[in-house]
Structures are given as structure tokens and as C-alpha cells.
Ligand SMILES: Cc1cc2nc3c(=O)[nH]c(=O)nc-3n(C[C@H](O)[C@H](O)[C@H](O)COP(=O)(O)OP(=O)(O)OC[C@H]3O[C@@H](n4cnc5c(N)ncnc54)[C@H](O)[C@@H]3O)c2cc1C
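First, one chain by itself in C-alpha cells, the form predicted on its own.
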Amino acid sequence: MAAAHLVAMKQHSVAIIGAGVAGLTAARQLAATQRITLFDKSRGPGGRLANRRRAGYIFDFGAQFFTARDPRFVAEVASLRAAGVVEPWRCRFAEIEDGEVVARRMWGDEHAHFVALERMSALAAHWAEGLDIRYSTLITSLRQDSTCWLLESEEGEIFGPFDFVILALPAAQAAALLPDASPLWARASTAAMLGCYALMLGLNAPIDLSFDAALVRCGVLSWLSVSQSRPGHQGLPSLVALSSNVWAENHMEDPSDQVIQAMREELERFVNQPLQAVHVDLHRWRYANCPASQDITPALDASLRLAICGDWLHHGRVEAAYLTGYDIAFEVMAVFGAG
């Protein structure tokens, strides 16, 4: 009995590549019983829970909000609210078609739309607390060493060995690391993802558009929000506009100044006034969304001890990313239990 107990309690080393929502969630679920190391090419956690500070302006330029429907994520959001990390965004919401407001409603506690206080990246920072994360580390290859995995970075540094590797990356980036022999490679290499542009405008004075956030249906834009309407926002007056995925895909290689001009002209048409911007910034999200709900199997290769997770496996939302990370952690634990 003692020997069986020791086997059951054995810790395994797990590498998670990608410290976005899915990777952080998987790490948090596994960290109580396994040795977890995360790797991310960025200087901080969060992926599309992204925030940028420039000249007194603060922009949430990735995920604009999130909702919670699945009981597991509902429970997590309740914990986050109790910790003072997130709050509902009680905003004046509008829908715009062909430059005209066609619907209005208030966002409230019923079917709440949540944001992290002050900045969306604060949510990622909260989830990253206590985890072993190697930032500014781009993993460029995986190679097997007997029954374990070694990771090599862009700088030539070798990490490992690891008993299991979870790729919490966009589909194309996961496919670039996965071995062709794994069924996960076929899954990742055939998945479709769409891009998006985020236009950030720092204004010289507050602006009232009669709404705080809007879903936009046109050829160029898909979203517009007034930053100071967000709970806890502390920056100077600013706007964030997101392009539509289809338009972004058709203009993904265009020069930045052309993208800015096209998005800004469409934005000014909607607000029916010139925007006095003293700061202009643009970010290209190459892998922002998936075009439809995708087949989530397979997500784990037990024979090679590899797994994938991320919102692209289901739908491009924060909740979807959380749930794929949550689920894959328990699948990995089941492999360890079987082994």
C-alpha cells in the first residue's frame, strides 16, 4: 500500500508553451501536484488580455470583455470578483450597421460583461501569481530524449527534460512545433484562424458618442469602445477600434499607415466628427479568432505525451480559452494516473 501511494503521488515535469489564458489555466490546475514551467515569447503573461501604455494613455487592445456561462468559469469569475480583480462593465452598448445606430441597451449584472479593473492584463497577472514562467523565451523546437522532451529556444538554450508538453499557442504556431507523426499536428495544421487590427487613438479631450461600446457591422470595423467608460480606467481619454476579421485578412500585409487611414476614416464616419487624436497606435493580431466553432478532438496525444489547448479549439473567447486549459489539465492528469 505504501509503494502504491508513493507511485500515485509522483510528480511529473510539465512544460507549457504559451502563457495566455489557456496556458495559465492549465498551469494553475496542474501546479498543485506537478512541476510546471511555462514559456512565453512576450515580456508578460496574458496573450490577448493585452494592455498598452503610451504618453499617459492606457489601451486594452485585445480582448475587450468576457462573459461567463459554463459553471466552471462562472465559479472562477465569482472568485475573481471577490478578489477585486474583475467587475461588470455597466456600459451604454450600441449596435451599428451602415453607419447608423440600430439598437441600444445597457449592460448590467444580468448576462454581465466583465473586464479586469484598470486593465485587462491585470487578470493575467493575477492568474500568473506563483507560477514559474520564463518570459521573453521563444521556443523554436521540441525534441525527444528517450521518453522525455527537450525544448530549444531561439537563443539556443535547452530546457528540460519534461515528461509532458502542452502547447497553449495559436494553431499555426502549435503546428510548427508538433511532430508530423502526432495526430495533433494534423489538427493544428488544418485549423483556420483569422487576423484583426486594433487601432488606438489618444484624444486631446473626452468624447461622448452617446454610447460607451458598439458592435459595428461594416466592411472595415467590428468594434468601438470609449476607454474611460471601463471600470477602474485611469488613463487619458482614448478610443479603441477593432477591424473585422475578414477585412483584416484581406489587408494583413498592408503598410501600417494605410491600415490606420482606412480604419480611422471609417471610424470618423460612424462618430460623425473628426477625431482630434494626439496619439495613434496600431497592433496587428495575426491570430485573433477562429471563423466558427471547431472540432476539439484530438487535443491530447498520450503516446507522445503532447497536448494542445487554446480558444481556437472551440471559439475565440476568454471563456473558451479558460475551459480548454481547464479540461486539458485533467486529461494530462489522467495520463499520469494511467502511467
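From 1 onward, residues are counted along the sequence shown. Keep in mind that this is a model prediction, so the values were computed, not measured.
FYI, the form predicted in complex with the ligand isn't displayed, but the following is about it.
The closest non-hydrogen atom of Ile166 lies beyond 4.5 Å of the ligand in the predicted bound form. In the predicted bound form, the ligand sits beyond 4.5 Å of every heavy atom of Ala299. The ligand in the predicted bound form is approached by Gln173, whose closest heavy atom lies within 4.5 angstroms of it. Taking the partner from elsewhere, Leu138 is found to have a heavy atom lying within 4.5 Å of the ligand in the predicted bound form. Only one of 272 to 280, 300 to 308, 28 to 36, 48 to 56 lies within 4.5 Å of the ligand in the predicted bound form by heavy atoms, and it is 48 to 56.
Here the marked residues Glu76, Cys91 and Ser225 all miss the ligand in the predicted bound form; none has a heavy atom within 4.5 angstroms. Residues of 33 to 69 lying near the ligand in the predicted bound form, listed in sequence order, are Phe39, Asp40, Lys41, Ser42, Gly46, Gly47, Arg48, Leu49, Phe61, Gly62, Ala63, Gln64, Phe65, Phe66, the criterion being any heavy atom within 4.5 Å.
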